[in-house]
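First come two forms of one protein chain, each written alone as structure tokens, so that there is a structure 1 and a structure 2.
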Structure 1
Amino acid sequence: MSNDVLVFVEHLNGEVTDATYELLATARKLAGQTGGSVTAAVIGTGAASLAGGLGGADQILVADTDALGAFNPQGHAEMFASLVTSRQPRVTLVPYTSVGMDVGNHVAAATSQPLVSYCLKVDAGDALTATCQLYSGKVEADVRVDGDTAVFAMLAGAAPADGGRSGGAGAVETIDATVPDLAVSFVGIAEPEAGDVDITAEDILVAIGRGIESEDNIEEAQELADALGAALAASRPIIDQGWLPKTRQVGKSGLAVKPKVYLALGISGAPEHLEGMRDSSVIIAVNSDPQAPIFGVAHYGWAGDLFDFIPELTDRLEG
């Protein structure tokens, strides 16, 4: 076993994701504790062209192959698992995303290591420990790993992405890109059609969640958004009901937004939603549950009935 930290590089449409840079920031802190180095593994189409942007790593392992497409769960997982086996890092980091879940689960099983998910932070001092978020963020659990190595799946926002963009030596090593026999193949990426509003470009967003209760109540939220000069967005439950189009969804399975003001109405703050909006400049939350996780990231909050809040603010803005 080495004292190194190995990071899985997630990339989409030819770009390294912010989740990867957050992993690299965490990895740099952990490597300082273990006395090892930070190694990043980038696998798949265009991997070689992405290596230059991974300055947060001391070493970058590149397996450039078009055979896996943008992402192949089986192929990427098996190739990364082989690196974990051969390099024997003390800590392996994957993002807690749809990609990272596929890879992390497989690697942990293939290498007989524990997998710790929903991680907010990881420590590699005397023992491997992590703080994890449970029950949609309402509970934080401290976990101690029984062993010297582990795979950790990190939540979005666990570390600043800018902290992982530099700090390493960035030495590149090309590795074997032989693709295993695959039971699945990459077909393509299905993206939602462009909507009437690009919520990623808006300065102010009014976002509604399950607390809006019914489709009929969306009109009130829209009136508030109009009064603010804002666009209306939503969490996944609203989209799943078909009350707003997919292009208005904020979160891991929707869009990541960074407006100047994010007004969250009736949104509890599940990790999947926080992943898409926690970098907003100012977050204002309204929820009837004072323990809702959204208050943990909000700059301002009001625990109360959103149906008291919405008309009151709308009247003041229009008055």
Structure 2
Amino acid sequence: MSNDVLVFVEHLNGEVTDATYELLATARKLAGQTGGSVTAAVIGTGAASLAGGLGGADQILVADTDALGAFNPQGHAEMFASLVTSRQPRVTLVPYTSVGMDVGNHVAAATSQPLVSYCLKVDAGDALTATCQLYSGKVEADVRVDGDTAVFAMLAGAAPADGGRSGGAGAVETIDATVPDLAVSFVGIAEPEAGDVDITAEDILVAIGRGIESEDNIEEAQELADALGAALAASRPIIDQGWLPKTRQVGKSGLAVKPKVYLALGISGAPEHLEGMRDSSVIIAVNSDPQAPIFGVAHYGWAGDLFDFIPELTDRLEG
């Protein structure tokens, strides 16, 4: 085992994601604790051209190949796993994202290492420890890893991305880019269609969650939004039900928004939702559960029934 920290570089359309820079920021801190260095592995299309942007790493391993498409759940995972096997890092970091989920679980299993998911914070002292978010953000847990090495899947926002953009030696090493036989083949990528409303450009968003209960009740929320001159946004379940178009979804798999005011009605505040709205200037949350994690990021909160609240506020705005 080395004292190094190995980071999986997530990239799409020729850009390294913020999630990766956040990993590099965590990795720099950990390398300080272990006395090792930070290695970043960038695999796939355009990998060579991305190395220059990875100055947060001391060493950048580049496996440039077009054979994996934008991302191949099996190909990327297997190629990264073989790097973990050969380099033996003390700590391996992946993002807790759609890409990182495929890679992290495979790598941990293939190299027989523990995997710690939903991580907010990792430390590498005598033992590897982490703080994680469980039960959709309702509980925080401290964990200790038995053994010397582990893979950590980091939640978005665990460290500032800017902390991972520089500070390393940035030495580039080209490595074998031979792609193994794959049972999963990349077909193509699809970007979302533009919607009627661009929620990322709105000053005020009225965001509704599962607390709205039924499609019929959306009208009431829309009325409030109209009275406010706001656009209606939503958490994922509302979109999955088909009650609002995908372009209105805020969060991990939707859009990141930063309005002046974000009014969250009946949204619990799962980490995947918070990731898309926590940078809003003023967050006001209404939720009947005083324990709801949304109150952890909101600036103002009212613990009560949204169906009591909406007409009161609409009245005041219209009156």
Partner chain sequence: MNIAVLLRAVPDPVEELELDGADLDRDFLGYVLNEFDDHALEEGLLLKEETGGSVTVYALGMADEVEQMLHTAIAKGADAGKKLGDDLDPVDAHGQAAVFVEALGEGNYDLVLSGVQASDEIDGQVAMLVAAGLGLPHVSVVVGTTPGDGSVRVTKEYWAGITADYDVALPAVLGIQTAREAPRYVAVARIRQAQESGALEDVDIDQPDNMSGVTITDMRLPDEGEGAEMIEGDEEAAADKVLELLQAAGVR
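Numbers follow structure 1, counted from its first residue as 1. Keep in mind that what you see is a predicted model, and the values were worked out from it rather than measured. If you superpose the two forms and keep the largest set of C-alpha atoms that fall within 1.5 Å, you have the rigid core.
**Student:** Is structure 1 or structure 2 the form predicted in complex with the partner chain?
**Tutor:** It is the second structure that is the form predicted in complex with the partner chain.
**Student:** Quick check: Ile283 between structures 1 and 2 - does its CA shift reach 2 Å or more after fitting the rigid core?
**Tutor:** Yes.
**Student:** Is Asp123 one of the residues whose C-alpha moves 2 Å or more between structures 1 and 2 after the core fit?
**Tutor:** Shift of 2 Å or more: no.
**Student:** Leu263: CA shift of at least 2 Å between structures 1 and 2 after core fit?
**Tutor:** Yes, the C-alpha moves 2 Å or more.
**Student:** Relative to the superposed core, what is the Cα shift for Glu219 between structures 1 and 2, in Å?
**Tutor:** For Glu219, the C-alpha ends up 3.7 Å from its position in the other form.
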